[in-house]
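Have a look below at one chain only, the form predicted alone, in structure tokens format.
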Amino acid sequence: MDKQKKNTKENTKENLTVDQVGESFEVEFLPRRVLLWRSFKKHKLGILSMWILAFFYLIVIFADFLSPMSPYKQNASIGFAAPSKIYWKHKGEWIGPYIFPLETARDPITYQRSFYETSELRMVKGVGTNGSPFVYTLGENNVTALVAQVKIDEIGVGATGEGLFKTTTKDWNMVRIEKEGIFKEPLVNVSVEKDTLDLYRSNPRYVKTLQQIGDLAQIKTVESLQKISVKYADGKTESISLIALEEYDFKVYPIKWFVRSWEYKLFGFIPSNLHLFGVDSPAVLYLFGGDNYGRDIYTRILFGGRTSLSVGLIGILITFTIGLFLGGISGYYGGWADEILMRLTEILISIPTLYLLISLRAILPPDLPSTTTYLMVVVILSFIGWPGMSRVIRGMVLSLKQKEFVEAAKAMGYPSLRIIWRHIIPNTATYIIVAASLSIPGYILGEAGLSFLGFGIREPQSSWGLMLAQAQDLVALRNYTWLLLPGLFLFIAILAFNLFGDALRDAFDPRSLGH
């Protein structure tokens, strides 16, 4: 009989290919971690998700260094500003990335706010009223500022031909740059024609405004340059009345690398004010646009990621600790301990999650500090999540405690808790790792939902869910689509966690290891 088995085994080996023999050798002799990594690498989406998550956690850890603005700095005058337009060339020459400051304008009829780029005059060249040519350049000959004095004529023409005429003069330290030849002939005409006014009249939102203005056929704004005021370092000022403006140029605001700006503490204890990039005031760099308070959405996404991404890790740590401990005790001891613990878990599972979240959060005082609120949200989510984990661990422990190695440990007189934590729980590690990676998205969504409803993180702190609450306003959402960017990051993070968990599950599958 032994000889027959030996011959069968040898024949089987002869029928194996070289690749199959090599694979069989690896499965038998390579460490398990090597086999797991080899199996995990076969899951391309899992590898991609792992790098995406690593990138996300890396940028939120160094959010202070990567942020050009403080997440709490407000600039309401340019609230809901669009993402900054970055330029690379100036007058046809490559000078690197730069931007211009923003200012706000309101439509005379709709009162809707719009933004335009402005800048200081860097150089002006022309002819004065005395017939003498002039050239002034910022920073040369002690020139510290070039101020444009602009005449603004606002004309409202009625349907019968009667109109309103209003003239104002304004000194512009920051000059509008979006229109070529703004100071040259022909004068700039910004007008709203009758057809456009009729469209406004059809919208109930603007009826009251139009009634106050009257029956207008056209509204026209004309701007023209009158004087240039030159300010010097010694405080003196010189005004130049113009006959003609031949040439002018604007000051650019380059995006600088490794700049000194607002102070923070790296890793919570290292004081620093160094940032990866930034721009000089009054320019504001909005990579992803601004929110309703003029805060930088890019910066708040980085800081909000700290909250949203850490909730899952801390919540899983609490949930799995409670679930492992109670599930292990319930499955190992059985009896009355098992009955009490399992009935408790069934009661908690039967309570609707959303209502329990809202009820538990409502118990907390509304004036809690943001840090305390964050910890309470984590505790609430963990409190909801442990019953399911406990039931699964109980079932696994019931199976494992019948194994020979557990019986041997009992025979050697090991304490029950040592047997649970040193022999039974480690054999559930495969399930724990996979379940943890697949459960983290639930915690992230839970925090986002609470913050979105106003029961979680509150201002001035940020989280992706809290930032999405601004997108509830359909008018704001229609005009400022960049408010949805936190939702995009939330979607990518949750999808990456799910794909990463799927890859881990496949990697830990014994069949994928060749067993």
Partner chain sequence: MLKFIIRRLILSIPVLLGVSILSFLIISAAPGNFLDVFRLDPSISRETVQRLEREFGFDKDPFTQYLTWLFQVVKGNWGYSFQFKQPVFNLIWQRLGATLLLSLTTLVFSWAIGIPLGIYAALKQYSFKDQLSSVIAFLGLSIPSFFFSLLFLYFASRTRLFPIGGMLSVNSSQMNTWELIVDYLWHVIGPAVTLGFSGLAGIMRQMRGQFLDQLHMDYVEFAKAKGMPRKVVFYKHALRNAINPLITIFGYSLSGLLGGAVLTETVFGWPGMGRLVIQALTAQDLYLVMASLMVSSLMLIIGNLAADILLALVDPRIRYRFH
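All values derive from a computational prediction rather than experimental measurement. Positions refer to the first chain, counted from 1.
The same protein also has a form predicted together with its partner chain, omitted here; what follows describes it.
Peer 1: Heavy atom within 4.5 Å of its partner chain in the model of the complex: which of Met50, Leu66, Leu453, Leu36 fits that? Just give me the one.
Peer 2: That would be Leu453.
Peer 1: Which residue, Tyr355, Trp94, Phe258, Phe269, is the contact with its partner chain in the model of the complex, using a 4.5 Å heavy atom cutoff?
Peer 2: Exactly one listed residue reaches within 4.5 Å, namely Tyr355.
Peer 1: May I ask you to state whether Ala471 is within 4.5 Å of its partner chain in the model of the complex, using heavy atom distances?
Peer 2: Contact with its partner chain, yes.
Peer 1: Does at least one non-hydrogen atom of Ala507 fall within 4.5 angstroms of its partner chain in the model of the complex?
Peer 2: No, no contact at 4.5 Å.
Peer 1: Please check if Val406 has a heavy atom lying within 4.5 Å of any heavy atom of its partner chain in the model of the complex.
Peer 2: Looking in the model of the complex, residue contacts with its partner chain do not include Val406, since no heavy atom lies within 4.5 Å.
Peer 1: When the contact criterion is heavy atoms within 4.5 Å, does Leu490 count as touching its partner chain in the model of the complex?
Peer 2: Leu490: yes, in contact with its partner chain in the model of the complex.
Peer 1: Quick one: find which of 444 to 452, 51 to 59, 36 to 44, 66 to 74 has residues within 4.5 Å of its partner chain in the model of the complex by heavy atom distance.
Peer 2: That would be 444 to 452.
Peer 1: Could you pull out the residues of 338 to 353 that have any heavy atom within 4.5 Å of its partner chain in the model of the complex?
Peer 2: Heavy-atom contacts within 4.5 Å come from Glu346, Ile347, Leu348, Ile349, Ser350, Ile351, Pro352.
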